[in-house]
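Here we start with a single chain on its own, the form predicted on its own, put down as structure tokens.
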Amino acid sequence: MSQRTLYNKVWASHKVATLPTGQDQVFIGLHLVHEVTSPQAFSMLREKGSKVRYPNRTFATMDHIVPTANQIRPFSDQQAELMAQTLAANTNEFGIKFFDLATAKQGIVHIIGPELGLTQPGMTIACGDSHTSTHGAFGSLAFGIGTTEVRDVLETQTLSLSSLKVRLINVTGELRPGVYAKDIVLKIIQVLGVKGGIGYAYEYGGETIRRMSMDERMTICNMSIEGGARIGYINPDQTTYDYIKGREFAPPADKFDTAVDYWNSIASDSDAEYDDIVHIDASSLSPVITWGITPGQSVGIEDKIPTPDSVLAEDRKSIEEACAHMKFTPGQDIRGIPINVAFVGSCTNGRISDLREAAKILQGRQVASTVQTIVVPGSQQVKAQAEAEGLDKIFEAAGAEWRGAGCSMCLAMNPDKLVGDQISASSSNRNFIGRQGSATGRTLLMSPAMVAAAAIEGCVTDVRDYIRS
């Protein structure tokens, strides 16, 4: 088993007891809640006559059901409005801080946590959302949990968890222009598989990771769950500390150096032992696009959709099923596939740097008349910053729709949905059947810059052609 890794250190410092089941009872330092997985949890508390154990460790926002085109309350969707009202009532009753639309701090839960300074190294973090692994970019152990576990954290501030093995994914090499963090994580999932991380925490390391900004690191950790890992994390360093310093909930100036000393101490030791080590050479990567119905079904922009006879026998059925749903032909070029919708946003790629990269491609150009292009900032603060930089004007001049903050088309629990068998070029994280709101809809995952290029061409294209021109 692994030893002296950040995972081992943070787990040990938060372990309360070993339970008769063999699981560990683990203290949760930060609990984030939203409108979808929390109503039943709060109801269960009331039924038991219980209270929230540490209200100051729980923070709430609304993101999944929030409309992005028109955010005036009450929402036109009665169910969405009811869920928003219910979250407001629950947080008020139990004394929990709630970042709603009126605060100017609302947004996707995995974006506002870091930008407010709530997410910090050495924490255990839980949220009723599978992409909680995003917060591991700061050197925390962040778990996605279900509704019953949301109740458990509210009531006890602990979870019953099984310890994981630790896999080091060592990423090296200089990224070529037009290749981004999204391409790296899609490649990792392609290599290791969507089930490759089951039973593991993924530690991302190597020179390529160390050179990344916090936004890029969050993109990497965000999609750990797509590779089957429960947790993905990156050791904290000066980049981490510079990002956190001065934010609303960060340690105050007079205590910040002490916090950094502790954060340095929980990083994996130079002689840490891992259960497995994987090496990824990022220098040879080209832009990666998914073609199928799992995040692991992807190819580089110069490549073709695989044929059943080019893979192992156990993988042939999945290729046939994916091609049937996507209406693609095995052996078909990925480049040139037409799209109907282009979506920039989500907890994977809805941060200010993502919007900047998309704007670079769209500036001075027009999206195809056949493509609906929507750009959705991940939070109200991201939206305000983008507008201060004039990015909204670039998007609108190109023919894209500039929206309000929310999860939007990533999971379509709001009005932003695919229609029929439309094909979406999406910067989100999942391409499962029905994920973007239509049972016959088709999703191609890619970086925000690649989405922007596809929007212009009306089909999958190589963003590097725009960077070189």
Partner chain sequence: MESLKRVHITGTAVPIPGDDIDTDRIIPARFLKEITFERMGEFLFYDVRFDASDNIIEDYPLNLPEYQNPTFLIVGQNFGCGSSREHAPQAIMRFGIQAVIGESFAEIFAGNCKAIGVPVVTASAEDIATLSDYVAKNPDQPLDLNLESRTVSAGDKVIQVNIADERLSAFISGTWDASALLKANLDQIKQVGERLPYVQNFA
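It should be emphasised that the depicted structure is a prediction, and the values quoted were computed from it without experimental measurement. Positions refer to the first chain, counted from 1.
FYI, the form predicted together with its partner chain isn't displayed, but the following is about it.
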Checklist entry - Is residue 419 one of the residues lying within 4.5 Å of its partner chain in the predicted complex, judged by heavy atom distances? => result no
Next on the checklist: Against its partner chain in the predicted complex, would residue 370 count as a contact residue? Criterion: heavy atoms within 4.5 Å.
Outcome noted: no
Next on the checklist: Please determine whether residue 264 contacts its partner chain in the predicted complex, using a 4.5 Å cut-off between heavy atoms.
Outcome noted: no
Item to check | residue 130, heavy atom within 4.5 angstroms of its partner chain in the predicted complex | outcome: yes
Item to check | Whether 120, 251 and 432 all lie within 4.5 angstroms of its partner chain in the predicted complex by heavy atom | outcome: yes
Item to check | Location of its partner chain contact in the predicted complex, chosen stretch of 146-154, 284-292, 216-224, 392-400 [non-hydrogen atom, 4.5 Å] | outcome: 146-154
Checklist entry - Of these, 308, 199, 206, 331, which has a heavy atom no more than 4.5 Å from its partner chain in the predicted complex? => result 199
Next on the checklist: Just to confirm, with a 4.5 Å cut-off on non-hydrogen atoms, which of 240, 158, 340, 380 contacts its partner chain in the predicted complex?
Outcome noted: 158
